[in-house]
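One chain comes next, on its own, written out as structure tokens in the form predicted alone.
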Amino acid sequence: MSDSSQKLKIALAEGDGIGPEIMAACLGIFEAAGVQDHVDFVPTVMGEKVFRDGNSMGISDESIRTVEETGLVYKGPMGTPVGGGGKSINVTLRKMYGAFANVRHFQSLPGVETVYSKANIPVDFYVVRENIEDTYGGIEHRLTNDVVECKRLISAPGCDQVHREAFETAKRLGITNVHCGHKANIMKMSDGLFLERFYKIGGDYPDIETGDVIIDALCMNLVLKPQNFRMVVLPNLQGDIVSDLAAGLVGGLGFAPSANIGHHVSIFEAVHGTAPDIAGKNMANPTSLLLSGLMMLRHIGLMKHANLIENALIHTLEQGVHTGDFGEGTGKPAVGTTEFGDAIRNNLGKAPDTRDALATDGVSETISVSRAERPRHNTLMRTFETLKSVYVGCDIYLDTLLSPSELADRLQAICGPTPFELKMMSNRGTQVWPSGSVYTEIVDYYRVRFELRDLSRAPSLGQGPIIQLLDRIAEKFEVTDFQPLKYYDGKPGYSLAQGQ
């Protein structure tokens, strides 16, 4: 395929700091392997330069059009301005374009000395992280003088998307065991939903064994026995932390590729920093960006090209060729970024000695990815479409310095004439009324829970009486937040307090 009009177009963002150097090395390897016979890289402008021009998004309008037209982005590391209103362009791209699954591959590489390589313990597993929701919605408020809140959102459709991508990736790679990492023992509703949907989606893949592990135990076991895991899927914040922990097992972020997969746009990027201290000095390591590029080539169907390059990379590392960040394990002097890329190009067609070579015959060498139609409007995702819900009460959050007993007395007097009774009060999530301990230290922020005295009235209640109760409370107290309580198919849609 040589006609440029017939090639697959990919938006190219070389990145900031060391980005242009490592991107040049990767593109040189791609060209030598014949990738550009099938692909046109379209330069785009995003990152620090755009921030400096006063664009707080960090991406130009023209580049937005390019990303939306191509649906594929290959990008180097990008910086976010310190201070000011600019937010991370990396997060902006993932969220704006619905790249809901972050997929990272962590594997031991020859010449990268770690405690596991010294012990001859192989590390080779994937982390699939939900990429849109969780605390990364960035929904935060200051509620009182002393209390701030970060709202954590987990949706069933969001869970389904990332779990489906994890199982599909496992199926494509021949992985037969997938774990779900979670904290459902504490966050019983949010992580509980994530875990529930994991097993629901996993039921569609009977050939893949499923298991789950609490996040703290997962971190311990990844350090103790990383060889016991092949793929782990996690919510956003936990997945972010575990991804960097996993990178530490294989030598650091400089050896960890990253793909952000969406229905319409997918982004393949280096996840390490821009390293401005060595920018322009021909010292940077392109391995992470190159491996991310290989994930991209496999995503679009160029399996032969990806395998050819990976074989050459491993062979090069086996020869002891390395940049300065590899440590002293090879016993050879470090080479520059350009020389490292040249060595890989010269080794194209050669096979590794320390592991089986990846097949370059009988595998796909043509573009197989197809673009989904541009959506005409924002897509509304639904999972539970037939649940029946009824209002049963509300949680009202108050800014007050009253003691639990004083506050309870006043609230009971206020709700007396209403259909609701004061059921529970908590402070920082721990119950302080009707039972509790004087040893529980409190702050100026209470959750007070009201529920119907007679739950049989719920089907005919509606939201109106709850709002009227809120008005009565707001006449006497400073309300910081309000949450109606509902039953869904006869089950409470809200959690108990600690100690309730």
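These figures come from a predicted structure and were not determined experimentally. Position 1 is the first residue in the sequence shown; the rest follow in order.
Keep in mind that the form predicted in complex with a small molecule is not shown, yet the notes after this line are about it.
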property	result
Listed residue that, although the small molecule is not shown, lies within 4.5 Å of it in the predicted bound form (heavy atoms), from D395, D342, E318, D325	D325
Option touching the small molecule, based on a heavy atom within 4.5 Å in the predicted bound form, out of S243, N90, N427, S108	N90
Complete contact of N102, P257 and G262 with the small molecule in the predicted bound form (any heavy atom, 4.5 Å)	no
Answer range among 135-143, 410-418, 72-80, 196-204 for contact with the small molecule, defined in the predicted bound form as heavy atoms within 4.5 Å	72-80
Touches the small molecule in the predicted bound form: P276 (any heavy atom, 4.5 Å)	yes
is_contact(E269, the small molecule) in the predicted bound form, heavy atom dist at most 4.5 Å	yes
Contact label in the predicted bound form: N285 to the small molecule, heavy atom within 4.5 Å	yes
4.5 Å heavy atom contact, I18 to the small molecule in the predicted bound form	yes
